[in-house]
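One chain is shown next in structure tokens, namely the form predicted alone.
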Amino acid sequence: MAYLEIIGLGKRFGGVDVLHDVDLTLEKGQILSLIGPSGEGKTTFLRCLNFLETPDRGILRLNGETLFDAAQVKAKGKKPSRRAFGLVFQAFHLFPQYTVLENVMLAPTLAKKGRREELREKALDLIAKVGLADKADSYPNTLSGGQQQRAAIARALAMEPDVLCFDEPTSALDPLLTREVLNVIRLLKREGRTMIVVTHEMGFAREASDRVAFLSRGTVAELGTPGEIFEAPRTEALQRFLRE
């Protein structure tokens, strides 16, 4: 049994299937990279995992426990828990009125995950881990894009998610800042974090991923190891995408 199982996930907007029959599995401690052209459902997929959007169909299981079953939600109105997944947004989404430390502490404080001093120490540890120990009391508008994204990673980690998701975490960054953020993701991989990364950084997907999924027209058109995806693509759609 895989650590994360996604079975038949589907989402419609205005009668259009943005996602349909998405099946994926991931083992604990692995990185799955999602690649594919823009507009093919990658961000919607992450939003469904984090229940920022409610899937219309499908089942999500984590470590053998059913987190979400669309049939049960429709029948019983059962609300899924968001805490199994964390999401790092493309555009950072830090609260500008709060310091880095306050941003990282906010969600666990509201969720009452510990005493304030304990949460503060944990937040400072996470901020140091992403290389921002000297920026804990800084406001987002004083930080570079790479620093803001690293702060956003620390904020997501503060809620102790089982699976950490990234939505194009480097798309707004220049090459130097991109390297800063990808190095943090590599550090988390060495720590055994389970992660799903939507990315256009093909070098990162090839080097750091355990598995790569190619999304096309709202479904997984190909899934395999980096070697299988990049060296022996089977479908014309993936071959064309890798040439572009």
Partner chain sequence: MLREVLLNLLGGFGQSLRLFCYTLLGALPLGLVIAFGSMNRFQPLRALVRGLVWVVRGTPLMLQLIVIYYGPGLINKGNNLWGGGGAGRMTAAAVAFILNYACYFSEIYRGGIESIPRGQREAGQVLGMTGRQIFFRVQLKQVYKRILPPMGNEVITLVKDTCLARIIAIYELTYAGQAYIKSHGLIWPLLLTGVFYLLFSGLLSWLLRREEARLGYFE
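Numbering follows the first chain given and starts at 1. Owing to the predicted nature of the structure, the values given are computational and were not obtained by experimental measurement.
Separately, the form predicted in complex with the partner chain exists; it is not shown, and the next lines address it.
Taking the partner from elsewhere, every residue among Asn50, Asn141 and Ala156 has a non-hydrogen atom within 4.5 angstroms of the partner chain in the predicted complex. Contact with the partner chain, judged by heavy atoms within 4.5 Å in the predicted complex, is confined among 34-42, 184-192, 205-213, 50-58 to 50-58. In the predicted complex, the partner chain sits within 4.5 Å of a heavy atom of Ala107. Contact annotation for Gln97: at least one heavy atom lies within 4.5 Å of the partner chain in the predicted complex. By the criterion of a heavy atom within 4.5 Å, Arg83 is counted among the residues contacting the partner chain in the predicted complex.
Though the partner is left out of this view, His93 does reach within 4.5 Å of the partner chain in the predicted complex, counting heavy atoms only.
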